[in-house]
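Below you'll find only one chain, the form predicted on its own, shown as C-alpha coordinates.
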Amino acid sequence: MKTPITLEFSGGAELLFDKVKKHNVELPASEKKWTIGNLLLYIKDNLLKERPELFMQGETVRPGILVLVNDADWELMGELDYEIQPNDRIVFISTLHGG
(Lines give C-alpha, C1' and ligand atoms only; values in the text may rest on other atoms or scores of the structure.)
Protein backbone atom coordinates (compact mmCIF):
# COMPACT_ATOMS: atom_id res chain seq x y z
CA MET A 1 0.00 0.00 0.00
CA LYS A 2 1.36 3.43 -0.94
CA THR A 3 1.88 6.05 1.76
CA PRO A 4 0.66 9.55 0.86
CA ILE A 5 2.62 12.43 2.42
CA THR A 6 3.22 16.12 1.82
CA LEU A 7 6.74 17.49 1.51
CA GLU A 8 7.44 21.20 1.71
CA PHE A 9 10.68 23.08 1.09
CA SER A 10 11.29 26.73 2.02
CA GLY A 11 13.92 29.26 3.05
CA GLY A 12 15.73 28.68 -0.23
CA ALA A 13 15.64 24.87 -0.13
CA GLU A 14 12.91 24.96 -2.79
CA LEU A 15 15.50 26.24 -5.29
CA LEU A 16 17.02 22.75 -5.30
CA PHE A 17 13.64 21.28 -6.28
CA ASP A 18 12.85 23.31 -9.42
CA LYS A 19 11.49 26.13 -7.20
CA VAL A 20 8.54 23.93 -6.22
CA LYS A 21 7.72 24.44 -2.55
CA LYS A 22 5.06 21.77 -2.05
CA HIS A 23 5.11 18.17 -3.26
CA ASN A 24 2.30 15.69 -2.70
CA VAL A 25 4.06 12.32 -2.80
CA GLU A 26 2.89 8.72 -2.63
CA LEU A 27 5.74 6.66 -1.25
CA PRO A 28 5.86 3.24 -2.93
CA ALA A 29 4.75 0.18 -0.99
CA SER A 30 7.65 -1.36 0.88
CA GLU A 31 8.26 -4.36 3.09
CA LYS A 32 10.17 -2.10 5.48
CA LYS A 33 8.47 0.82 7.19
CA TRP A 34 9.24 4.21 5.73
CA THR A 35 11.44 6.33 7.98
CA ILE A 36 12.80 9.80 7.46
CA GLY A 37 16.16 8.16 6.79
CA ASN A 38 14.65 6.19 3.86
CA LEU A 39 12.69 9.28 2.80
CA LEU A 40 15.85 11.38 2.45
CA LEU A 41 17.32 8.85 0.02
CA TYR A 42 14.00 8.81 -1.89
CA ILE A 43 14.02 12.62 -2.06
CA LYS A 44 17.64 12.64 -3.27
CA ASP A 45 16.92 10.07 -6.00
CA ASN A 46 13.47 11.29 -7.12
CA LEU A 47 12.87 14.96 -6.32
CA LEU A 48 16.18 16.76 -5.90
CA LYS A 49 17.09 18.49 -9.16
CA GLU A 50 20.47 20.06 -8.43
CA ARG A 51 23.35 20.38 -5.97
CA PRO A 52 22.56 17.54 -3.54
CA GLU A 53 25.46 18.69 -1.35
CA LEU A 54 23.40 21.74 -0.39
CA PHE A 55 20.58 19.53 0.92
CA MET A 56 22.27 16.43 2.27
CA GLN A 57 25.47 15.65 4.12
CA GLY A 58 26.14 11.93 4.24
CA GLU A 59 22.90 10.14 5.13
CA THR A 60 21.14 13.14 6.70
CA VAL A 61 20.24 16.76 5.95
CA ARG A 62 22.96 19.37 6.12
CA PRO A 63 23.36 21.36 9.31
CA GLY A 64 21.25 24.47 8.96
CA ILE A 65 18.20 22.71 7.52
CA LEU A 66 15.35 22.58 10.00
CA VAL A 67 13.09 19.55 9.64
CA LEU A 68 9.52 19.60 10.95
CA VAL A 69 7.16 16.63 11.10
CA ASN A 70 3.55 17.77 11.42
CA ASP A 71 4.86 21.11 12.78
CA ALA A 72 7.09 19.49 15.43
CA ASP A 73 10.89 19.52 15.38
CA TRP A 74 12.10 16.17 14.09
CA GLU A 75 14.55 15.97 16.99
CA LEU A 76 11.51 15.33 19.21
CA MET A 77 10.24 12.66 16.82
CA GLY A 78 13.37 10.48 16.58
CA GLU A 79 15.04 12.20 13.62
CA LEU A 80 16.10 9.65 10.96
CA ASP A 81 14.31 6.80 12.76
CA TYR A 82 10.86 8.43 12.79
CA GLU A 83 8.35 6.07 11.13
CA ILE A 84 6.36 7.99 8.54
CA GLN A 85 2.59 7.81 8.86
CA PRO A 86 0.06 8.32 6.05
CA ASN A 87 -0.70 12.01 5.46
CA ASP A 88 2.32 13.27 7.40
CA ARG A 89 3.49 16.76 6.49
CA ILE A 90 7.28 17.01 6.47
CA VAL A 91 8.82 20.45 6.04
CA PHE A 92 12.46 21.28 5.27
CA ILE A 93 13.42 24.90 6.01
CA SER A 94 16.87 26.15 5.05
CA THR A 95 18.39 28.57 7.51
CA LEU A 96 21.55 28.88 5.39
CA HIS A 97 22.05 32.21 3.69
CA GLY A 98 24.88 33.43 1.54
CA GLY A 99 26.53 36.74 2.03
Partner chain sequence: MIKNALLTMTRFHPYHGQNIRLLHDNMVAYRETSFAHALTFSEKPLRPGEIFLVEIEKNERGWSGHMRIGLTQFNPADHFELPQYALPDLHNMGKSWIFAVTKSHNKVMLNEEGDTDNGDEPYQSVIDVGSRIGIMYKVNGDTAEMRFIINGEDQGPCARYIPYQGGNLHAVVDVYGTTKQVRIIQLYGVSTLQNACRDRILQLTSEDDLNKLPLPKKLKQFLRYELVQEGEDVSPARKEKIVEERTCMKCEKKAVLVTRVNDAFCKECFMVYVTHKFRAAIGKSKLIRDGESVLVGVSGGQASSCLLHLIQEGLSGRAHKKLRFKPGLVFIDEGATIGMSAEERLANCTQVLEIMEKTGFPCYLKALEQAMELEREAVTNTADQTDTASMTSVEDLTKLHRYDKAEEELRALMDSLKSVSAKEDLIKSLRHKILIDLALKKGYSKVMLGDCSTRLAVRLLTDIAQGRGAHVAMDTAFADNRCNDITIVRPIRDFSSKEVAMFNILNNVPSVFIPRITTKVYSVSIEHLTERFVTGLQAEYPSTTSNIMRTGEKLHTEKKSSSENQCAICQAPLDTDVPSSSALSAVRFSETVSRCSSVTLSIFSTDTACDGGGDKTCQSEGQKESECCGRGDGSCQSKESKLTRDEVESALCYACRLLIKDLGDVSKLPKHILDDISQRQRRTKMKSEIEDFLLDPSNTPD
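Numbering follows the first chain given and starts at 1. Since the structure is predicted, the reported quantities are computational estimates derived from the model, not experimental observations.
Not on display, but discussed next: the form predicted together with its partner chain.
Proximity of residue 44 to its partner chain in the predicted bound form falls outside the 4.5 Å heavy atom cutoff. For the chain shown alone, residue 86 is not a contact residue for its partner chain in the predicted bound form, no non-hydrogen atom being within 4.5 angstroms. Put simply, residue 3 is far from its partner chain in the predicted bound form: not one heavy atom of it is within 4.5 Å. Taking the partner from elsewhere, residue 26 is found to have every heavy atom lying beyond 4.5 Å of its partner chain in the predicted bound form. Each of 15, 66 and 73 comes within 4.5 Å of its partner chain in the predicted bound form, counting any heavy atom. Taking its partner chain as it sits in the predicted bound form, the stretch 80-96 comes within 4.5 angstroms of it through a non-hydrogen atom at 81, 91, 93, 94, 95, 96.
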